[in-house]
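Let us start with two forms of the same protein chain, each given on its own as structure tokens and named structure 1 and structure 2.
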Structure 1
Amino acid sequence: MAITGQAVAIATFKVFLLTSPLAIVVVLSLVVGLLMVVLFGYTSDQKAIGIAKDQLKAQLLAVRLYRDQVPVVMDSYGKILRGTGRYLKLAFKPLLYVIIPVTLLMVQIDRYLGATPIPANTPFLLTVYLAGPSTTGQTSGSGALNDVTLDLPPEIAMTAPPVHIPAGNEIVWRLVGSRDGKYEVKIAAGGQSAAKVVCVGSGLVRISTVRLRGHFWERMFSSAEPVLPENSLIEFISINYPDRNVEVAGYGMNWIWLFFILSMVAGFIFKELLGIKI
């Protein structure tokens, strides 16, 4: 019985870890804090960073020690500025090593924690932006907007006629999902068709708020769907998913703020423990 109880407790904890955004952010922050500090330590010139930081501290102390001697204080200010530049220069290379994996990691996490799926029976907006003729060689403008059609699965319904915004080359539909799940809506324009995934429900789901044509860097950071064809008339398709807030002591906040705070704290602790200068 005891073993069964323990197994249940472990299973419950695992489920909690996997499903609770707060638990995910906490664990992730600690792990990232540790890994990044170690990575920074290995890829940086620790001695030079230590010296640069000490020099900065020395000049700060000089400002205090010689506060009545204006030339000394001004000289120290100059050295503080120069020292800060030197320090940033030293920190830049290791930061590149640190930033790239963390950035990629955070992009992926943001797809789970950045937004919530559309609750069932709650209206949402689907926006399609059409490219100008110069980029596709195809017809656009109000005529093109009129030709855009939407093909919806049975679980998604249109609650209002589409709104055409010729000035912005945009067309917006107001939709609603009737049942939890992942669905594809198809948009046809200029003889071509493109699909966009719509997530309806709750819980942790990988969400892509936008699907793009081209725009490599934007896609890398914000889209979790395949690129739209290069010759497509559609420039992007987006859905206004609600932002997800992580609840901490009754306050809701974006996960990234919590991650910022916790990973900093973890980093601070681990840098002290490991003797790494940041």
Structure 2
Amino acid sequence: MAITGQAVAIATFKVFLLTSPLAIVVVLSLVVGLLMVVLFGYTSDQKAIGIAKDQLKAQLLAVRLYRDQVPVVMDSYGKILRGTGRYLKLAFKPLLYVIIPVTLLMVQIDRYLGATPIPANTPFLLTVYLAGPSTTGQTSGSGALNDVTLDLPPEIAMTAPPVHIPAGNEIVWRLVGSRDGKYEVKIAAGGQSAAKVVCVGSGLVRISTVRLRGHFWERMFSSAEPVLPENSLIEFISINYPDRNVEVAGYGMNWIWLFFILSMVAGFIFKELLGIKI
């Protein structure tokens, strides 16, 4: 019985780690904090950084000790500026090795923790923006808006007529999902069809709030779906997913802020434990 209870407790803990946004952010912050410090230590000139920091401390101490001697203080300030430049030069390359992979990791994690699926039987908005004729060679405007059609799966229903916004080349549909799951809605415009994934339910699933045509850098950071064809009349398709807040002591915050704070704290702790100069 004791072994069974222990196995149940371990299984429950594993499920908690995999499904709790707070637990995921805490564990991820600790791991990333450690990796940042170790990577910085391996890619930086630790001896040169130590010398640069010691020289800065010496000049700061000189400012305090000789504050009544203006020439000495001004000379120390000049050395502090030059020393700061040397330190930044030594730290720049290692910081690049740290920041780039961490940024790419955060982009991927944000697919899961940045927004929540749409609860079943809760209305949501799907917006389609049509590109101008100068970028596609096709006709745009109110006529093109009227020709756009929406094909829905049985689990998703339209709850109101579409709203056409000619000034912005936009069409907005109000929809509702009746059952948890991932569904594909299809939009036809200009003789072409494009699909957008809709996530209905709860829990941690990979969510893409928008699907884009072009906009490479924006797609890198905000879209997890294939790019729309370059000759498509549709510029983007978006869904207003609810933002996810991680609860900490009854206070909700975006996971990125919590991750940033915890990973910095973890980094400073591991820096001291491992004796790495930053």
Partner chain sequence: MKGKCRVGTKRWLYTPFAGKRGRAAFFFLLLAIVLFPTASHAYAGPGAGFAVLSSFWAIFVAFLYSFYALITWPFRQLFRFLRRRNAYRKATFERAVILGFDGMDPDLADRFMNEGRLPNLAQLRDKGTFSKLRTTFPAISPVAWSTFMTGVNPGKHNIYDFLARNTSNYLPFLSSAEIKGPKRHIKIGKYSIPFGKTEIKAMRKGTPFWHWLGNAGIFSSVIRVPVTFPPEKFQGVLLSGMCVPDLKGSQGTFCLCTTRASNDKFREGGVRVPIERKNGVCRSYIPGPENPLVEKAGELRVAFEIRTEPGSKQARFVFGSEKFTLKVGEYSEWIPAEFKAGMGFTAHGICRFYLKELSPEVEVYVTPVNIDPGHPDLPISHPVTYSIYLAKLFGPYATLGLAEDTWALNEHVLDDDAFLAQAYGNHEDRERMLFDALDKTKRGLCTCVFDTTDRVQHMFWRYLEEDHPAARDVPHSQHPRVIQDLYERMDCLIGRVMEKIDDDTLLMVISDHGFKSFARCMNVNAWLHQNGYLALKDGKTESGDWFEDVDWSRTRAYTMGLNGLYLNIKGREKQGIVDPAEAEVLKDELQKKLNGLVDPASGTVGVTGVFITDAFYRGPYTENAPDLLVGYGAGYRASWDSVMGKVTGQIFEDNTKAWSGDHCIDPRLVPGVLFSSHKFVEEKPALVDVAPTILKVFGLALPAHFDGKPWTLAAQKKFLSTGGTDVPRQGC
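In this text, rigid core is short for the largest set of C-alphas that superpose within 1.5 Å between two forms. Values in this document were obtained by computation on a predicted structure and should not be read as measured data. For numbering, take structure 1's sequence and count from 1.
*Answer for which single form is the form predicted on its own*: Between the two, the form predicted on its own is shown as structure 2, not structure 1.
*Please say whether, between structure 1 and structure 2, the C-alpha of Pro71 moves by 2 Å or more once the core is aligned.*
True for Pro71: a C-alpha shift of 2 Å or more.
*asked:* Checking Val185 here: with the core superposed, does its CA move 2 Å or more between structure 1 and structure 2?
replied: Stays below the 2 Å threshold, so no.
_Using a rigid core superposition, assess whether Ala224 undergoes a CA shift of 2 Å or more between structure 1 and structure 2._
The answer is no, as the C-alpha of Ala224 shifts between structure 1 and structure 2 by less than 2 Å after core alignment.
*asked:* Can you give me the Cα shift for Ala91 between structure 1 and structure 2? Core-superposed, in angstrom, one decimal please.
replied: Value for Ala91 between structure 1 and structure 2: 3.1 Å of C-alpha shift.
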